[in-house]
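Provided below as structure tokens are two forms of one protein chain, presented individually as structure 1 and structure 2.
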Structure 1
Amino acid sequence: MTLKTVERFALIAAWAAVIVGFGIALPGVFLTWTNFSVMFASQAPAALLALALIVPLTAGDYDLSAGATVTLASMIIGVLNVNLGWPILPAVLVALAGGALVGAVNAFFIVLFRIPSLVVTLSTASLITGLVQWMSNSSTIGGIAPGLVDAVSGGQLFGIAYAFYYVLLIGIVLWYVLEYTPLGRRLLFVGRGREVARLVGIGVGTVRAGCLITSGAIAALSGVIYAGLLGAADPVSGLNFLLPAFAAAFLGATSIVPGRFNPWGAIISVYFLSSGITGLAMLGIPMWVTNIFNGAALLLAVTLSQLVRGREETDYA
């Protein structure tokens, strides 16, 4: 077994070790189907957000507005469905379109005016946050239609709430596009070297814009799922998913397809980190320890990956 094969599956092995460790420490409690089914469903918004981030990250752009887009989408549903009495389906569609629009606005400034993505998305994140506070009067809106709640957390398949299957679906689509289509290759070229990509005739601006719009739409889907899980639209907490989602995206880039942002790595990272949090919480360990667990896991994984890969180019270096 080569070192690179070890690297490829190291995160899965670490996840397995965490599961076995907590399984031994918490007999009959941690290693239960209920625990994992609950975890798979409740982490779906975080996993979708991580998937949203890896698309522009692959093309070399940061989307710091994705967390705010989660909040915006759930609040659009809250306002339209609860406050204005819209049926849930049009409200969801407007929320998804809103996410895509955020991506388009980001792309407009990033691609057309050549402003760094970090600056533009930082600005739009702040702008959206203000917009959401205005829309919601900074208050949670409860009472979202049961139709969405049923479609996200009410119904189950193989004992796991539907929320998880939206993650799988987006994961499969991204995996297929990134791995098996010319578009995926173009995206990778743009991320690794914009000038080279431009010189070989790739429409760099179009690819980057497409990535940002996709990111906005997937982040909005995360917001829709979040609203369905809570049965409410919360004006702030989507923002707090952003940094953990970035952590999962980077952690995921050390596994499965090491050196590249990839959907399975990102999804596994989210569930690896949440397994740690769940196990620690079950042991009654204070919550601050979970932040240390998350930070240490990311730092360790990226460092080990860097050691294995030496000077080889990566998406995140």
Structure 2
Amino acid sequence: MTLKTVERFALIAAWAAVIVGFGIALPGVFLTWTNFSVMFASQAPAALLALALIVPLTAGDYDLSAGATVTLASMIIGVLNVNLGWPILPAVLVALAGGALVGAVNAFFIVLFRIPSLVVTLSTASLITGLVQWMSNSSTIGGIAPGLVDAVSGGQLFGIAYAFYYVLLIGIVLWYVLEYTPLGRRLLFVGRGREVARLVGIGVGTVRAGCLITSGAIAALSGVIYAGLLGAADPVSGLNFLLPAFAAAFLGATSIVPGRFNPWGAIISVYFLSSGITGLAMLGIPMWVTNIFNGAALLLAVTLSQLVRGREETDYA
């Protein structure tokens, strides 16, 4: 077995080890289909957010506003559907358009004015957070239409709520685009070297703008799913998905396709991290350990992804 094969499947092996470890420590509690079905559904917004993040990351940009976009999308649905009485479908479409608009605003400042993506998206995240607080009066809006709840968590396939399958669908689309289309190749070229990509005729600015808009739209979809899972719009908790989603995006870049951000690695990483946190919670570990776990996971994931990516670039050269 080669080193690359080990790297590709190391994360899956680590996830299996975590499951076995907590299964031994918590017999009859952790290793239940109910536990995993709940985890697969409840972490769907985080998995979608991780998928949103890997799109601009592939092109070399960061989207720190994605977590706030999750909250914005869910709140748009709450305000339009509950407070203003809109049908749920138009409310969802406006929420998705709102996410794309956030991405377009980010792209405008990042591409046109050449401001670093970290600065722009951190600023828009703060603006969105304030907007959401104003829209909601800092309160949760409950009573979202049952149609959305049924489409997200009301029905099940193989005992798992539909929310999980939306993650798989978006993952399949991104995997196909990144692996088998010219657009995916252009994204990789832009992420590895913008000047070289520009010299070979790739519209670098257009590619980066498209990635940021796509990230905003997928983050908004995460907010739609989150609203469907809760049956309500929460003005703050969507932000809590950002750190584990970034950790999953970078950790996923160390496996499946080592050295590259990839959807399957990101999805597996979300559930690997969630399995660890769920097991620790069942063991009675205090909740503040979750923040330490997520922070350490992000630091380790970024370090490992940089090491793997650096080695891949050296091998390629």
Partner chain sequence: MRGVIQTAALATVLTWGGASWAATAEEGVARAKAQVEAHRGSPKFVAPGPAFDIKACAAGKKMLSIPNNSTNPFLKGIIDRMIRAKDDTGLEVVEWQNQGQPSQWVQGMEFAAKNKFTAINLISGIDPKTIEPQIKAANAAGIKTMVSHFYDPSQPVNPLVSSSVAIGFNAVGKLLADWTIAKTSGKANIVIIKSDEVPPTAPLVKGITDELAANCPDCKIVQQINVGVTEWGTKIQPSVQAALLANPTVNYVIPIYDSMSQFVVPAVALTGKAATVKIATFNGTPFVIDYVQQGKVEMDIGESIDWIARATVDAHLRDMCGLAVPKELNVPFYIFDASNAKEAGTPATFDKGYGQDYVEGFRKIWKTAP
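Take the two forms, find the largest set of C-alpha atoms that superpose within 1.5 Å, and that set is the rigid core. Start at 1 and count along the sequence of structure 1; that gives the residue numbers used here. None of these values were measured; they are calculated from a predicted model.
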Please state whether structure 1 or structure 2 is the form predicted on its own. 2
After a rigid core superposition, would you say the CA of Ser42 moves by 2 angstroms or more between structure 1 and structure 2, or not? no
Is there a C-alpha shift of 2 Å or more at Ala296 between structure 1 and structure 2 once the rigid core is superposed? yes
Per-residue Cα shift, Ile285, between structure 1 and structure 2 [Å; core superposed]: 2.5
